[in-house]
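Consider the single chain below, provided in C-alpha cells and representing the form predicted alone.
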C-alpha cells in the first residue's frame, strides 16, 4: 500500500464518519424538533437569569450555619460509605481476582456481584432502597455504598491482576501461605494505588451525595431541594456555592495526598 493510498482511505473513512453522524444528528433533531441555533441564542438569557436569581444575598448568610451543618453531615456520610465499601470491595476483589482468587466459583461470584452493583445507576439504587428504608440517612448511605462497592471491586480486581501477579507468583514459590502473600506482599505493593482510588471515590461520592439527598430527603441535597421548590433561589444559590467550595477543597486535598504517597 502506497502512502497516497493510505491517506486517501483515511480521508474517505473520516468523510464517511462525518456524513454518517451528521445525518444521524439531523434525523434525531428533526424527530424531536430540536433547533441548535435557538439553543445557543437562549444561553445568554439563561446565564443572566441564574446570575440574577441564584446570587446569594445578605439574607442568605443567616442560613449559612444550617447549610454548613448539612454539608458536613453529607461529607461524613459519603466518606463513611466509601471507606466501608472500599474495605469490602478489596476483600471481594482478592478472592475474585484471576491472580488471587480462591477457585473458579469465587471468581465468578465476585465478578457477578461487582457487575450487578456497578451497572445499576446511583439514582436507581436510591429509588429502590427508598421503597424499603424510606427517607433516611441510612438510605443515602446504602445507595452510595452499593454504587461504590461495585465500582471499586472491579477496579481493585484489575489493579491486582495488572500490578500484583508477579509478586504473587514470586512469594508463592518461596513457600509463603496464601494469607502471607496477600497481607504482606500484594496489599502493601498496591497500597498507594488503593488509596488513590479511595480518594477518587470519596470526591465522586460527595458530588453524588447531593443528588442522593434530593431523592432520599437528607443532607445538603434535601436543603437544596427545599429551597428550590420554595422559590428561595438565593438560598439555593448559597447551597450550591458551599457544595462547589467543599468539593474543590477536598479535591485539592486529595491531590496533595496523592503527591505525598507517590
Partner chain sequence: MIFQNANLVGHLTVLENVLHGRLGYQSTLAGILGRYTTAEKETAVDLLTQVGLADFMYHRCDELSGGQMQRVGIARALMQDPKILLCDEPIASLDPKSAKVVMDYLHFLAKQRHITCIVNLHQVDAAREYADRILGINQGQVVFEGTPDQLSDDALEQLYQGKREVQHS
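Numbering follows the first chain given and starts at 1. From a predicted model like this one, the values you see are computed outputs, not experimental measurements.
There is another form of the same protein, the form predicted together with its partner chain; it is not shown, and what comes next is about it.
Undergrad: Let me test this: is every residue among 177, 184 and 188 within 4.5 Å of its partner chain in the predicted complex, going by heavy atom positions?
TA: Judged in the predicted complex, 177, 184 and 188 all sit within 4.5 Å of its partner chain.
Undergrad: Closest heavy atom of residue 103 to its partner chain in the predicted complex, within 4.5 Å or not?
TA: Output for residue 103 is no: heavy atoms all beyond 4.5 Å of its partner chain.
Undergrad: Is residue 113 close enough to its partner chain in the predicted complex to count, meaning some heavy atom within 4.5 Å?
TA: Residue 113 lies outside the contact set for its partner chain.
Undergrad: Test of understanding: in the predicted complex, would residue 173 fall inside 4.5 Å of its partner chain by heavy atoms?
TA: Taking the distances in the predicted complex, the answer for residue 173 is yes, it comes within 4.5 Å of its partner chain.
Undergrad: Give a yes or no for residue 166: in the predicted complex, does one of its heavy atoms lie within 4.5 Å of a heavy atom belonging to its partner chain?
TA: Looking in the predicted complex, residue contacts with its partner chain include residue 166, since a heavy atom lies within 4.5 Å.
Undergrad: Just give me the single entry in 192, 95, 84, 128 that has a non-hydrogen atom within 4.5 angstroms of its partner chain in the predicted complex.
TA: Here the answer is residue option 192.
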